[in-house]
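Two separate entries follow, structure 1 and structure 2, each one form of the same protein chain as structure tokens.
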Structure 1
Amino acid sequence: MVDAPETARPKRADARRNEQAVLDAAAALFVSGGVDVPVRDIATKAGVGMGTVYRHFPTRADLVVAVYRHQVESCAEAGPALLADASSPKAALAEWVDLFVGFLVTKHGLASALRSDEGSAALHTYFLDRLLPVCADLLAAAANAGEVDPDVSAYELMRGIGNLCIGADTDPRYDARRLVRLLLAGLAPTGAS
């Protein structure tokens, strides 16, 4: 689990090439067909065998993580920046959540894959590892500022947001962003009235 020792022999050239080909094929198919596209299709599009796909990415989740790693990273990095720049912690939280929602709804089926349902555990874990601390910081800052009720955990909030984003594509009558806004509004201390 720790970093591989730097003495690790570099991978063979064909291996590196194939890994990239799979990554590219997966990225393309994810856009057009969602993250549930059959592994066979990815292998075919990449011009490799299925064994090769599974060797480089033991589970579908590993592949999804690899494809979206950059975007998740930048979403994670945006958290502290927003907190520093925004007019209030709650505003920062709202902006960050909007970023997160935007990321989820544009990736067909990603939100669905995020529910822990064993199988995509690695995906779930990665998202949580990377984004939960960011969300927790924003939430804590807002709570400290008295702008939100501190009785909801960041975990619960993130899962709720993720769930609200399920099926947000493919259904014009369903606007996940609006519902997420409502959820955030509900975080206001002691509600309204």
Structure 2
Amino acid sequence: MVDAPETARPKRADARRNEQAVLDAAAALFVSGGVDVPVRDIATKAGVGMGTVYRHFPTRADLVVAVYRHQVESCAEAGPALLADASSPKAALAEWVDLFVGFLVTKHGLASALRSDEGSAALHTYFLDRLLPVCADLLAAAANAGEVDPDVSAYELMRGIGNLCIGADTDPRYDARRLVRLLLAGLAPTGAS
């Protein structure tokens, strides 16, 4: 008799809550202290023991990748919700860009934490596959409303924002969010005042 393959059991509700708490705590601490923040600090902020952190994320690379994926998903899911709730498509775009900038700040140090070119390339592909369509939808809605230049592509905008965020974590005099706001102001359609 052949044994049936084992299927993974779904996580208990408390385990899912703990995992979520660890991801949220790690993301917040990565912003202020980088990806090398001590695991004990993450556990304390999450309100769990260090064993819980390691049970969900056996290595720092596992935790960093999970935070990265969690933030990509949060950013991707936020786009349609913002578009439905904002006062205008351009306002939704601006709010989404602010979330995107926050995400970019937390991903500094990702490559060194992973130490794997293959892993980094796969994550970058995942990032583009999930976020480019969301940005494109927001841009299209704003362009259809006459609020932004229709010739701007999602890739150009995301690449420009990414470039403006470089160095924001190492120079306290540099305000990437301010420069990104200027970039967004420059998206106005030609001839708009």
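Between two forms, the rigid core is defined as the largest C-alpha subset superposing within 1.5 Å. Residue positions are counted from 1 along structure 1's sequence. Fair warning: this is a prediction, and the values are worked out from it, not measured in the lab.
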*Pick one: which is the form predicted in complex with the DNA?*
1
_Rigid part of Arg12 equals that of His70 between structure 1 and structure 2_ = no
*What turn in degrees does the smaller rigid part make against its larger partner between structure 1 and structure 2?*
69
*Value in Å for the CA shift of Arg55 between structure 1 and structure 2, taken after the core is superposed*: 19.1
